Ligand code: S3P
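As structure tokens, one chain now follows by itself in the form predicted alone.
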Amino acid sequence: MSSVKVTKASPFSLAISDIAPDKSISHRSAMFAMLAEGTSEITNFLRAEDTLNSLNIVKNLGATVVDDGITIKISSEGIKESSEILDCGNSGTGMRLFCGLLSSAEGHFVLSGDEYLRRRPMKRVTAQLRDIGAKVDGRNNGDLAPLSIRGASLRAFDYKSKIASAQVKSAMILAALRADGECSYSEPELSRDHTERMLKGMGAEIETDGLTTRIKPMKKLLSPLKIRVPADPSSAFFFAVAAAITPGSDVLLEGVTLNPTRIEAFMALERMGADICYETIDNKYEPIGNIRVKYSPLKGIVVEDNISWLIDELPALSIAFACADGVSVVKNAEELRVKESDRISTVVNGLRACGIEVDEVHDGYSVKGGELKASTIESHGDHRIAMSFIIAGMKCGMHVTDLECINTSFPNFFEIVQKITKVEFL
């Protein structure tokens, strides 16, 4: 399957209970089990390429993994040196977090990935780890994979980050758990906090005060995870946009994490005029519930705050911008340029190909709402670009190419799309 044609959708009403499990939490569940004493049990793990790569890396690092198709049980007696290259696939989350996890482990490790991941910058993590004593190297002076890590003793740190990045923060927290003293990490705005929530739930001594997180080294192994991974709001958001741009439509997104750092895109869509309501049904490691989205005419907005909370959803949100009345503006989003693709350029070029007026700046873009027109869009190996323009196709029809990347995060995406409109695989 190299490309697909999507047909314009009719009004729809749909409850979706099989949204892909959360990618971020699935990655972390596999990794954090390596820090536990006893057997961690994970249900509803995302069985997509990126997260299965993380699970395979955990196996290569010596963990015992038993998977009966429903529950994944992981037990570990500590991180072991692997003779294999640790393949992160397309996942920047996987590579950056494993850098932090392995930086203090005894042995030598090599992290690599696919052609797209090997182009993505890693220095934002590797440079900070080097500063506290980690022995990390790679191409372009440690900026590009493959990355070589030789476990070392790490110094305590008081780090003030200039960017809000959950990946950088998580890597440094994992390093801090084995540092030689108490550490602190500050960021300019609060980024996604799954790492803090999950590790604290496992017994790690982690406290967050405003924008500063303080971490004490582990005195002993942590308690094992017993977690059901919630549905991924980033994946659910594609269908929130589909309902928001299709007159007469509504969608119920079931079992989604309602973590405030993960639903900012829904809040932005609500500010645009979409009719959205939330229902909490559980709250253990994460608040979990349902989100209902109904069509309502949209208006342009400015998105400039809490950018790290919706960085993954901005491509899909941009499709809503294109269908809104007025101009929408994205600011402070330079982080988009170092995702699976340069998402500022890919979004801008894609919308222009669809007849939408867009202006690009270094840290964002502005979109003048108009009439989306059918076009051919190249995903550039970026799953969120591919899925965003497939959702755009529900408004006007669309041909999207280079689709294998969708399997990295949302394997049943097309099963849900086909409940709404016709797709032709080419």
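In case it trips you up, residue 1 is the first one in the sequence shown, and so on. No experiment lies behind these values; they were computed from the predicted model shown.
The following text describes the form predicted in complex with ligand S3P, which does not appear among the structures shown.
> Given that ligand S3P is left out here, which of 341, 93, 328, 128 has a heavy atom within 4.5 Å of it in the predicted bound form?
Of the candidates 341, 93, 328, 128, 93 is the one lying within 4.5 Å of ligand S3P in the predicted bound form.
> With ligand S3P left out of view, choose which of 104, 165, 259, 213 has a non-hydrogen atom within 4.5 angstroms of it in the predicted bound form.
Among 104, 165, 259, 213, a heavy atom within 4.5 Å of ligand S3P in the predicted bound form occurs only for 165.
> Report whether all of 29, 197 and 286 sit within 4.5 Å of ligand S3P in the predicted bound form, measuring from non-hydrogen atoms.
None of them does, since no heavy atom lies within 4.5 Å of the partner.
> Taking ligand S3P as it sits in the predicted bound form, is residue 192 near enough to touch it, meaning that at least one heavy atom pair lies within 4.5 angstroms?
Result yes; residue 192 sits at the interface with ligand S3P in the predicted bound form.
> How about residue 270: is it within 4.5 Å of ligand S3P in the predicted bound form, going by heavy atoms?
Residue 270: no contact with ligand S3P in the predicted bound form.
> Does residue 114 make contact with ligand S3P in the predicted bound form, using a 4.5 Å heavy atom cut-off?
Because no heavy atom of residue 114 falls inside 4.5 Å of ligand S3P in the predicted bound form, the answer is no.
> Answer with yes or no whether residue 135 is in contact with ligand S3P in the predicted bound form, where contact means some heavy atom within 4.5 Å.
Outside the cut-off, so no.
> In terms of non-hydrogen atoms within 4.5 angstroms, which of the given stretches 106-114, 149-157, 198-206, 332-340 touches ligand S3P in the predicted bound form?
Result of the contact check: 332-340.
> For the stretch 104-125, return the residues whose heavy atoms include at least one within 4.5 Å of ligand S3P in the predicted bound form, in the order they occur.
The one in contact is 124.
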